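Before any questions on binding or motion, here is one chain by itself as structure tokens, the form predicted alone.
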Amino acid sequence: MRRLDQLLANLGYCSRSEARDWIDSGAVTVRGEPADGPSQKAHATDVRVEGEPLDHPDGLILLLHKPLGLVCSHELREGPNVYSLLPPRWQRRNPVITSIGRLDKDTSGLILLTDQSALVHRLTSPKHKVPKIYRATLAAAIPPARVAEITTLFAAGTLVLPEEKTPCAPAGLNMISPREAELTLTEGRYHQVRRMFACVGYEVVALHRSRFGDLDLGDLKPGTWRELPLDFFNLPAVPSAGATPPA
């Protein structure tokens, strides 16, 4: 159970100080009865706001088609971010919705957003080796004679990026055309795809992530998302604003 003011604030409805006004207005009910006050404790499933159940009290997992020009940071000084695409209430949630890994502003494609911290850790941890597929467009074509060389280098797990000491994990290269390549990674280093191609003399001029594990974008348009069930990754939801803590 949670205090109503905490519950409403954590789910982005209002601030804790504003909760009394919401309750006094009769907008909040508990088990069909007007709420008593901000300090009243209740299960999220028993609470209604203007007759509607609470908005995703157990958490969110979103698969987003990230457009170009947006960052995956909450730092406003870094520019417009992917969270601005979400409903205002979701932007005010606590725990905050964050990205699982990042795509820079010049990279489009599949990104996962969630408020489930254990899922963020699980899917970004190198030990879980979640494959991610990127499609890179290169400034110049790779001659057929070099394709096998580069493929072997990327797959060997021996490529050391500039200013790093640890080699990249083995990566799979599949050439779609002389200037288009698919690269499968199981880690997520800073600007890794661009830096790997730079090491073999090729500039990436466009980059798109098409898959994350078993997930793909399907027919999602840039800037739109679809929800995934909380048990999609077989991971229990982190106790949230609406959950009852373990005894």
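The structure displayed is predicted, hence computed values, not measured ones. Throughout, we count residues from 1 along the sequence that is shown.
Just so you know, the form predicted together with a small molecule exists too; it's not on screen, but the next bit is about it.
The shortest heavy atom separation between Gln192 and the small molecule in the predicted complex is within 4.5 Å.
The small molecule is not drawn, but in the predicted complex it has a heavy atom within 4.5 Å of Tyr134. None of the heavy atoms of Glu78 is located within 4.5 Å of the small molecule in the predicted complex.
Contact between Thr151 and the small molecule in the predicted complex is not found at the 4.5 Å heavy atom cutoff. Across the options 104-112, 143-151, 165-173, 78-86, residues that bring heavy atoms within 4.5 Å of the small molecule in the predicted complex belong to 104-112. Exactly one listed residue, out of Val30, Leu215, Leu62, Leu207, brings a non-hydrogen atom to within 4.5 Å of the small molecule in the predicted complex: Leu207.
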